[in-house]
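First, one chain by itself: the form predicted on its own, in structure tokens.
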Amino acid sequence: MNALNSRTGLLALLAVALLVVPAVVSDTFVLRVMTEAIMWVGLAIAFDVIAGYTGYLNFGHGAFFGIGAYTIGILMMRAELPFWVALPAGGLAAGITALIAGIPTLRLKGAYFAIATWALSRAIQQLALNMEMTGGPDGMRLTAFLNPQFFYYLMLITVGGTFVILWYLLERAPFGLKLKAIREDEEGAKALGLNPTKLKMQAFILSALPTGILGGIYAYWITFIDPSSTLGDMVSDQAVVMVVFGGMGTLFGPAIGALLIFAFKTLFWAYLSDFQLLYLIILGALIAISVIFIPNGLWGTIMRRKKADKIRPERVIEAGVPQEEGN
């Protein structure tokens, strides 16, 4: 309970600090970087719902991001709807896509599911490349709204709300335990009376909805979208690295991984922007290193060591081993 209270207190303190950032930071560039960092935290924790808690690695995560972005673009620029009407539609479109795509793909497991979701992402990208409505390979330009504070707070509230909802559903409600049961032993979960197909579908949609909303915010914020930037592999690839490096099956792990990887990405593009291939090589190397040396990710490794340090003195006392005086 003390650990939970201290963690809650730290989160509350962090929330207050983030809320006052625009009042303290006047540099537009810094605010823009922080806005994108918050966005990646949201993408990472949304990805972890299906990958970390359910055990299904989704290489098509970026497709939901792109669907949300293009939904906003089409509704605002073609149908001339206001942003606040179009934004929920972006999340809804991503959720409906997850529902339709999940029917065939969630029957697969392991590498087969990963390949199927990657193929889905590529198919949606090709669709955007050939549709006149999306602007084809030339992309779409949205009406500019130059207000860095607005997008910072919108991204912060969206990601903060997503974190709270996911934390309750996955860590406090039975839903999270059911997903973990599927991850550990799907056949065993079925024997216990659970419905894995239904639960996996719910997790898939829950992962897609906030991703689509974040894609919509990104489109309005960046003012220009095209198939390569919003539907390319980079969104999915970076989400995978962030979650694996930070720690799958948690919410804090992906958030930490997202911040560290994004910080590295920002510095890399600032000083080594001519070596794009090197960046992809480093991402791949990070996944390999994480899987081999820290399979539980940074956060999982830290938590396991803390737990081991706490249990070790208790075992010493139970075994009746005399401790040194003063200890």
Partner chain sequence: MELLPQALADGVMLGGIYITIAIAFSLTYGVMHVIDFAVGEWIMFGAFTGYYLNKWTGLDPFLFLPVIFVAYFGVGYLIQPVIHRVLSGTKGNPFLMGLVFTFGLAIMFKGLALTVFGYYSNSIPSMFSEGAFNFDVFGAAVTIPTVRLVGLAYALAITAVLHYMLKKTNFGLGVRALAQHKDAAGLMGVNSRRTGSYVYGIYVGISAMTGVLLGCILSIGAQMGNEYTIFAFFVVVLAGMGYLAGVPWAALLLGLVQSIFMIYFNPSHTLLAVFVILYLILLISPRGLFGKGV
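Positions refer to the first chain, counted from 1. Quantities reported herein were computed from a predicted structural model and do not represent experimental measurements.
A second form of this protein, the form predicted together with the partner chain, is not displayed here; the remarks below concern that form.
Here the chain stands alone, but in the model of the complex its contact with the partner chain, taken as any heavy atom within 4.5 Å, falls in 115-123 among 208-216, 170-178, 152-160, 115-123. Residue contact check for Trp299: none of its heavy atoms lie within 4.5 Å of the partner chain in the model of the complex.
Heavy atoms of Ile261 never reach within 4.5 Å of the partner chain in the model of the complex, leaving it off the interface. In the model of the complex, the partner chain sits beyond 4.5 Å of every heavy atom of Val164.
Using a 4.5 angstroms threshold between heavy atoms, Asn130 counts as touching the partner chain in the model of the complex.
For the residues Met76, Ala93, Leu251, Val244, the 4.5 Å heavy atom test against the partner chain in the model of the complex is passed only by Val244.
Applying a 4.5 Å heavy atom cutoff to the partner chain in the model of the complex picks out Ala101, Pro104, Thr105, Arg107, Leu108, Gly110, Ala111, Tyr112 from 85-114, in order along the sequence.
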